[in-house]
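What follows is one chain in structure tokens, specifically the form predicted alone.
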């Protein structure tokens, strides 16, 4: 039974994602994303489940930076989790009596319309996580009357749901990834895969980003995400996160990564793994594995003088 670290305490959306990704795993709640990844790196856990991006809030920058600067970890699975916020309170609480609400800043942002409409006079205070908010509200003598969190948090901490699905958008999704230490075989290609890289420029010059993008474009590799993050070496100095269709075992993907290795300062491979949405890429003419093999055989004949 694997032991997986995650952003705790019990009742977070990350725990819900972990339960779906590996229902049999032993769960190790951690105070932060960094602590969960540290547990995986240090051997306290066999791996970790962490949020990577949200369809409303965008990238989880702590996760991006950990993947770029920390000891290497490899993604072996992902999950797209619909985010449904609930207003949770101690039994007997009624909405008109709520004066102080506790929740994570992302929940505040995503539930603005509900808060403005139903709790216009309530003070809303930021918490470390939605589950931590629910845990605090459950305590006798808590200064908070309600929490905004996942329904699972109410189940953990004995709170009742006063209102459900209170987010401003009903289609909000968070993408979670499961990571482990390198050394085990990569997931086998499925035909509907995603690969993730962190790429550092060799130097800053005109067209540097275009050079990187060209390595993907000429091989028909479709990007699904690109993020820039500061290196910390001064204003205007950035490294890049890439997600793209395909598996490193695919010839076009391997060729693109090799090309990046030649022109960039550093390329950190973060894994090839099945896409959670199951989307199969459209492979354009001239970039199939068979066509790469045929071209390689043709070049070998030319080099051998067999024109």
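Between two forms, the rigid core is defined as the largest C-alpha subset superposing within 1.5 Å. Positions refer to the first chain, counted from 1. In this text the structure is predicted, and so the values were computed from the model without any measurement.
Beyond the structure shown, there is the form predicted together with a small molecule, which is absent from this document and is the topic of what follows.
Contact with the small molecule in the model of the complex, judged as any non-hydrogen atom within 4.5 angstroms, is confined among 203 to 211, 106 to 114, 217 to 225, 137 to 145 to 106 to 114.
Between the small molecule and the residues 101, 87, 197, 83, the one pair within 4.5 Å by heavy atoms in the model of the complex involves 83. A residue is said to contact a partner when one of its heavy atoms sits within 4.5 Å of a partner heavy atom; residue 176 meets this definition for the small molecule in the model of the complex. The small molecule is not drawn, but in the model of the complex it has a heavy atom within 4.5 Å of residue 7. Residue 105 is among the residues whose C-alpha shifts by 2 Å or more between the shown form and the other one once the rigid core is aligned.
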